[in-house]
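Listed next as structure tokens is one chain, alone, in the form predicted on its own.
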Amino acid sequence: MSSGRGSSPRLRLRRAGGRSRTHPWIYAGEIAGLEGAPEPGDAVTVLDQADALVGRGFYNPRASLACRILTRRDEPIDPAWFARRIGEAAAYRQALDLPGQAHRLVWSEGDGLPGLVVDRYAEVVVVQCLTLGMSRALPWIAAGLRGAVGEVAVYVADEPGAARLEGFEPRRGWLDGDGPETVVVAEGPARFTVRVGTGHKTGLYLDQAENRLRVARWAAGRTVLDAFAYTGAFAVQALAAGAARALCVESSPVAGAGAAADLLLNGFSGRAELRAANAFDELRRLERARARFGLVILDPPPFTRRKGALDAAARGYKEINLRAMRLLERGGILATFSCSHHVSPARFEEVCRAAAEDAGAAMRTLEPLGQSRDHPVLLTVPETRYLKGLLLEKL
């Protein structure tokens, strides 16, 4: 795995130059041939048709995305390489002066570590390996993390779907010694309980951390609807900023229990209601009841993970936004999001515009919203940008 260009297997591309110079993904159909006998998960040297170095990356013939470039240099992929790259990722976060004790420490392609995601919750880090190569390099990764941020407990929470595609057994548990079942982290004025190894993502939706604080600036004195609330983090921040009341709508009993615990932790149980319901159904019911809110948050799960289902996803986004706009009082604020990668920012804005037209609502754009800065976006890797949103005011 750690050899350099001279001794490592070589992967040769069909073409010279092009996208392979700026994008880390190489698909099986782009490969002209292999020299040597790399095992799945091995590091290979990638050359183009003109024999120019493209880089070095982890190779896996099992997947259609057969190679992911880790470096553009002729250098070994070894413990020292991981220590440097993880150290660079940690230094970038430190320079951001992030508002809390939890953040994404490594964001896959966004940090030049494709196939690796690491989230930090105070003195715990949760690691997700999305490729066989990264799974095999886990001891090097753990050493690099501890070298960058100190002695932390490492929990491994591999994504089963990715592991199945790549051909490795997903891990779920502490790497080398037990850590705490729960961690309480501060985010601005609020505190959240992270149940390590349970729920969606790695415990908390860190990509919304800065948006939660941004949206909360509009919350004072308002009645809040947090639809698709998950553990109610948007509602908690709104109440911390002076919202009068909050209604959290969440269909998952586990997530609802998490929301109840965090509302209690922050002293807001008396100003919030948790409603176990499907958000689509509840938005319709609230509209029929002529309910009105001063702030509505729509942060649904992805409505599609496939480009072919884009039209159906757009219909779903249009419906929930139309209902939310009708529920807003005059001067009310809507924070609406899509985390479906295939829904572009332009398409999402188009869907929201159509919803406003059908709702008969004049909506002023206050600002576009995106993922928190600890989820860096690379201009030449559009897949690193997936979360888009709009902050709108009803006139």
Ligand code: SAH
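All values reported here derive from a predicted model rather than from experimental measurement. All residue numbers refer to positions in the sequence shown, first residue = 1.
The same protein has a further form, the form predicted together with this ligand, not shown here; the description that follows concerns it.
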The one option of Phe293, Trp218, Phe168, Phe280 with any heavy atom within 4.5 Å of this ligand in the predicted bound form is Phe280
Tell me, which of Ser251, Thr193, Ser269, Thr198 has a heavy atom within 4.5 angstroms of this ligand in the predicted bound form? Ser251
Hey, in the predicted bound form, is Tyr155 touching this ligand, heavy atoms inside 4.5 Å? no
4.5 Å heavy atom contact, Ala233 and this ligand in the predicted bound form: yes
In the predicted bound form, does Asp119 come within 4.5 Å of this ligand, counting heavy atoms only? no
For Asp299, is any heavy atom within 4.5 Å of this ligand in the predicted bound form, or not? yes
Quick one: find which of 206-214, 309-317, 88-96, 122-130 has residues within 4.5 Å of this ligand in the predicted bound form by heavy atom distance. 206-214
